[in-house]
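Shown here is one chain on its own, the form predicted on its own, set out as structure tokens.
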Amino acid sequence: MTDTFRNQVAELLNNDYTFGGLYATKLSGSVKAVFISPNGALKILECQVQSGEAPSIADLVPSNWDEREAHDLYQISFNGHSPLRPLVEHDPISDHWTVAVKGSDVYQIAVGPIHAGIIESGHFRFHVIGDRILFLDTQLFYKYRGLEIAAENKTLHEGKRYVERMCMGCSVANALAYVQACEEIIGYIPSAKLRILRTVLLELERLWNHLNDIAAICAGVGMSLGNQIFLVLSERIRRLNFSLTGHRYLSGTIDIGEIKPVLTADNIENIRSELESVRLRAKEAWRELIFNSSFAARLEGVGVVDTAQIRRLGAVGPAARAAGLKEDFRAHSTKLDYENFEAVIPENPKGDVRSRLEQRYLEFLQSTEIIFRLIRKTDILTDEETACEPKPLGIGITESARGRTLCIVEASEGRIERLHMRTGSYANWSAVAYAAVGNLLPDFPLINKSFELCYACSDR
């Protein structure tokens, strides 16, 4: 069984499939791994757990966190994964979860889990010589809420509120992935109208996130003017969200087979005029940033993760594209309206802080164009939904502001048996740890902000 499972994984990788995530079933009877083909098709491999053991595939794909989480929550041992360090469980003995770094001049600096700002809890254990970072151990899951387990035995409609509350910053992306999975289960195909509205909401969420992340990078180097300008622009998008849906973070707008916000002539014009104004001000502010030589000097060559390491670590989203990996699930999303979509990347992607900053600005511009195209569509109020064959297992994938988000729902008689979320933030935390190595300790806040990942998406 071990050889068969690993051979199946190797065969998919030889056919250019990408690892999408691994999870344990409800009763730990098996582990399942999701793979994505170059054209976006999905494949699930299943391996039975025998005597509490399953084969590790962490040497083949970036499943390190997935296997550690399955071990902590379902007591599955993964043969070949050694040491199988705790992830969700927090061992008070640091040697059990940190990597040993030895030397006469090496010392450790512990930061967190309580921070000076309003960010969520996370522990960063730096191994340094002087100010140079040799290694970084991260420990998250301090506020692990067990939302996936809490959703079990709930109806599909009830389950949405658990997913939506995993993270307000990714409210639309997470809820949409869940709803897509549920609609596969019930055999529902969304209409063109619904696909358009959902795409608009997802891109509005991307807009405020990217503007907020640009502001955070400015704050990371002490450029208060850039920080304030882009924070204001991010706030304007959230206020636009409120005017359209009644919620600044678009919570409650995505539901199974339903359209919550209604695009009328008035609010379509409101979207257009506000986005044009925000886009114009963002372009003006961007010119001030890129022609500021001292600002640029603080970003270039800092926190580098090249293309080869991005692939090895399984990073996704803007962080991956900033390293030259031109992958974006929006190009394969048949359940949304991304006609002729093609991912954008910087002109000279280097995988450093500057490239990640440029990536967000390029995607901000692209998202405004996508929204402009969608609200111009004349068929926005036409078309009917259709049906397909129901399934016991549904998969939904969205491209959030931080990368590909996967949701799997297993159901029986309309109730959830297993819910699993793997967000873009979850996939990218390993890249943050890698990006820190070799850099100066004072640069870590800047490196961390250039990824700007959600703690809450891991603490689900």
Partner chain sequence: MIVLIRRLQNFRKEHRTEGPGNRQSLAIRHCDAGSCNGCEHELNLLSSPYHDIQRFGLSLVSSPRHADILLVSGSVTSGMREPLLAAHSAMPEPKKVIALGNCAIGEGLLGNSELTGLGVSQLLPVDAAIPGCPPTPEKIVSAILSLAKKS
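Small disclaimer: the values here were computed from a predicted structure and weren't measured. Residue numbers count along the first chain shown, from 1.
Another form exists, predicted in complex with the partner chain; not displayed. Remarks below refer to it.
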Notebook entry, point to check: According to a 4.5 angstroms non-hydrogen atom cut-off, is residue 297 in contact with the partner chain in the predicted complex?
Noted result: no
Next item on the list: Answer yes if any heavy atom of residue 212 is within 4.5 Å of a heavy atom of the partner chain in the predicted complex; otherwise answer no.
Entry: yes
Note to self: Just checking whether residue 388 would be counted as a contact of the partner chain in the predicted complex - the rule being heavy atoms within 4.5 angstroms.
What the structure shows: no
Notebook entry, point to check: Is residue 130 close enough to touch the partner chain in the predicted complex, meaning at least one heavy atom pair within 4.5 Å?
Noted result: no
Check: Of these, 304, 194, 229, 185, which has a heavy atom no more than 4.5 Å from the partner chain in the predicted complex?
Finding: 229
Notebook entry, point to check: Taking the partner chain in the predicted complex as the reference, which of 74, 341, 372, 144 has a non-hydrogen atom within 4.5 Å?
Noted result: 144
Notebook entry, point to check: If we take heavy atoms and a 4.5 Å cut-off, which stretch out of 311-319, 255-263, 240-248, 196-204 is in contact with the partner chain in the predicted complex?
Noted result: 240-248
Check: Along 115-139, which positions have a non-hydrogen atom within 4.5 Å of the partner chain in the predicted complex?
Finding: 115, 116, 117, 118, 119, 120, 121
